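To begin, one chain is listed below as structure tokens, in the form predicted on its own.
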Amino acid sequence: MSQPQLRPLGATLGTEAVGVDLSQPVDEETLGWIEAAFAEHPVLVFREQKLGPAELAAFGRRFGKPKIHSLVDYRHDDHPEVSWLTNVDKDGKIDWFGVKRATDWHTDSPYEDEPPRLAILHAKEVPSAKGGTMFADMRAAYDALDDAMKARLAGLTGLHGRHDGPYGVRLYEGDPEQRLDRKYTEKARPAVVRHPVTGRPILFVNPLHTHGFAGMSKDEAWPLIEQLAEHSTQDRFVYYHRWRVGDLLMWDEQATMHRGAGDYEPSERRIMLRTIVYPN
């Protein structure tokens, strides 16, 4: 295989990896190329792929440990390391919560004992228009903060819960009971973290799961969280991915926030396979 190439898709985020066939076993040279590309480009897109759940889980295992999703009803029956991201229920009907799900800015599972390294999403069916996923570059967002805010954040520790803040309460309001196989307790994370490969500082605060800061009242913390969310999701930091069937997209769970755009016709089917990968 010839050397893969990178092609930019967005101004700050979104990079296509051209010349990689993930339906075949990925050799060590290609894996090294993907790792190097991913360190600098935390939203990496592979077009025209065709992976089943077993192949998707196997690809995820090249980067760490895929974890069984806590939402029992969204797990793939035969491959529990893989979950469905879909608006179609098991009877083939539109699942209204599947349309609404994950449409607020967030990072996945910062309330786990160990937060995930990356996630991989593979499009199987997509709406005829829109239905995209949006990503915010939390490296660029940090860089653009003024010195006073950077100094303030350097001493702050964010408090993360599953949906304890105002956004989480709103998003899950009226949600049919979701079957979880575990309970989560609040986790404390630095408000600014460093990328493990590049060392770049990253703003690690998201409005869905970050509901406060250690030693700060909620009345003081929430306006700061909203201010940081508004700053981080300016157009200049955001990439909107327009899905095509066969797209496989991997994103860095520290360096980005994401959300479903929720902008498609709800009667149209949107079915994707996902695996979330944790560090070894």
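If you're wondering where the values come from, they're calculated on a predicted model, not measured in any experiment. The first residue of the sequence shown is number 1, and the count goes up from there.
What comes next is about the form predicted together with a small molecule, which does not appear here.
Item to check | the small molecule in the predicted complex: contacting segment from 194-202, 127-135, 140-148, 154-162, heavy atom within 4.5 Å | outcome: In the other structure, the partner sits against 127-135.
Next on the checklist: Since the partner isn't included here, can you check whether the small molecule sits close to all of L85, H106 and L121 in the predicted complex (heavy atom within 4.5 Å for each)?
Outcome noted: Checking in the predicted complex: L85, H106 and L121 are all within 4.5 Å of the small molecule.
Next on the checklist: Given that the small molecule is not shown alongside this chain, does G260 nevertheless sit within 4.5 Å of it in the predicted complex, heavy atom to heavy atom?
Outcome noted: Contact check for G260: yes, within 4.5 Å of the small molecule in the predicted complex.
Item to check | Contact flag, A102 vs the small molecule in the predicted complex, heavy atom cut 4.5 Å | outcome: A102: contacts the small molecule in the predicted complex.
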